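As a starting point, one isolated chain is supplied in structure tokens, in the form predicted alone.
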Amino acid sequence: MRFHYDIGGTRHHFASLKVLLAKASPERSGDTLAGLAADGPVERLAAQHCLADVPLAGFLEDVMEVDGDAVSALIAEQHNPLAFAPVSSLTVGALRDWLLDPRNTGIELAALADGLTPEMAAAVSKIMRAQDLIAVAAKIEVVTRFRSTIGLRGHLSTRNQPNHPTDDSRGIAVSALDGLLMGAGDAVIGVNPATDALPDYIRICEVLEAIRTQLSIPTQHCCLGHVSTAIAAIEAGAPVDLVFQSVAGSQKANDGFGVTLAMLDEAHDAVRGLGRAPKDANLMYFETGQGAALSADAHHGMDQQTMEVRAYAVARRYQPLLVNTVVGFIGPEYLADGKQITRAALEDHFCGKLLGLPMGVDVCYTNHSFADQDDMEVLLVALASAGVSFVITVPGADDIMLNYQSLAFHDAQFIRDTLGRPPAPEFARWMAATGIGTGDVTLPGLETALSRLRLPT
């Protein structure tokens, strides 16, 4: 295919579909750093107009694969021609109109998921306004289940993230209880360990299991260590609920994470073999983030948003319970400010849901970014309107182990109060039974609850 577009008396040529996608991306610092971004708003506009005219079928003919790349092979393997049929004659621009058409409901959009490649989803997101991304994502309902049901329309779940700089058991427990008393944790109680040592991984799982079982909480927990550590912990008999892994959009980038599809296959089989979850429960948890492939010099000349969406092909192979983009975590080298973080979050959420994933967002930024908590709170409202499955919450919006800013436990309560987004039904019933959120808490107070918990040493 040949790509060019005339604008303002100038013909803009784009050498390949890969180049066209990069030039059409809304401005972000990572693409500029990689030398892939449009020269300015005029070239970006020309690229977006040109991209809108590209037939979707062209993405199957001009496959943006990388020789020997496992993710490229997986993308080709996942494509379902029957699911693609309703839109197979459309261009990227016509797909945007089709998605926005009120006659096409969440049912039609869900049926389309296996027919779209990640590159198609990335392409259409690049020519959509923010409200388009919100409106289409809000149509789609992606429901997953373990002990709680995540992603139901009109609900917002949360991850309770009780990280601690030294993985101290009581420190983790205090933070977890702080969040639980604010109604945070129906998606997962998940700890990023300070080290990846197997004994610490097992102990953290045991701490979280003690909290869950002794307080009868209808949720699941996760120690977000490396997948190889999770496999070893499972073999040692640890109480592992969810297996976690960060993934990216090329095998070279996944090599940087020390992970292959074979390892993920092994972990998925191992955690299911534990028999801790109901039949057909979703058992994996993946995190992604724009810029991960570029930071590993593993983007193969693709823009960071297209590479991000390719990571979703890896995630959907395992029908995960949870996927979230840690949208502002990598830093201003990739997303410079609150405006770029907001746009990236809406794109990632839209593309993930369009591809059938239970998409969450860590609404976050690093302290050297040109962003602040006002940006995050506005983004939270936009994502809640778009039907985000879950968000990350930490004590006081400040993660003291990872040293970045996220959302506070209180922010989830704000969304419940203002937009009427309750947590998962099972968790909501537990909250009602204990009086959480009513001012009449029957769960023991924080200090008493901690003293009663029998924590592993």
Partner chain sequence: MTTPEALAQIRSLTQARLTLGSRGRSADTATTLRFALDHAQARAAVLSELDVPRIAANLGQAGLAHHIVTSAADTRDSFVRRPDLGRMLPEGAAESLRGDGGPVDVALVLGDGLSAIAAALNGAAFMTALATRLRNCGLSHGPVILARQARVALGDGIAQALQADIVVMALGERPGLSAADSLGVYITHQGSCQPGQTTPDSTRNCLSNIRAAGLSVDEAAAQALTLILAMGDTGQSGVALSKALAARALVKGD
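Keep in mind that this is a model prediction, so the values were computed, not measured. Positions refer to the first chain, counted from 1.
What comes next is about the form predicted in complex with the partner chain, which does not appear here.
- Scanning 132, 333, 200, 141 against the partner chain in the model of the complex with a 4.5 Å heavy atom cut-off leaves one residue, 333.
- Contact annotation: of the candidates 106, 171, 115, 218, the single residue with a non-hydrogen atom within 4.5 angstroms of the partner chain in the model of the complex is 171.
- Only one segment in the set 398 to 406, 420 to 428, 40 to 48, 384 to 392 has residues whose heavy atoms sit within 4.5 Å of the partner chain in the model of the complex; it is 398 to 406.
- The partner chain is not drawn, but in the model of the complex it has no heavy atom within 4.5 Å of residue 153.
- Within 4.5 Å of some heavy atom of the partner chain in the model of the complex lies at least one heavy atom of residue 178.
- Contact check for residue 227: every heavy atom lies farther than 4.5 Å from the partner chain in the model of the complex.
- The closest non-hydrogen atom of residue 70 lies beyond 4.5 Å of the partner chain in the model of the complex.
- In the model of the complex, 365, 366, 367, 368, 369, 370, 371, 372, 373 are the residues of 358 to 373 with at least one heavy atom within 4.5 Å of the partner chain, listed from first to last.
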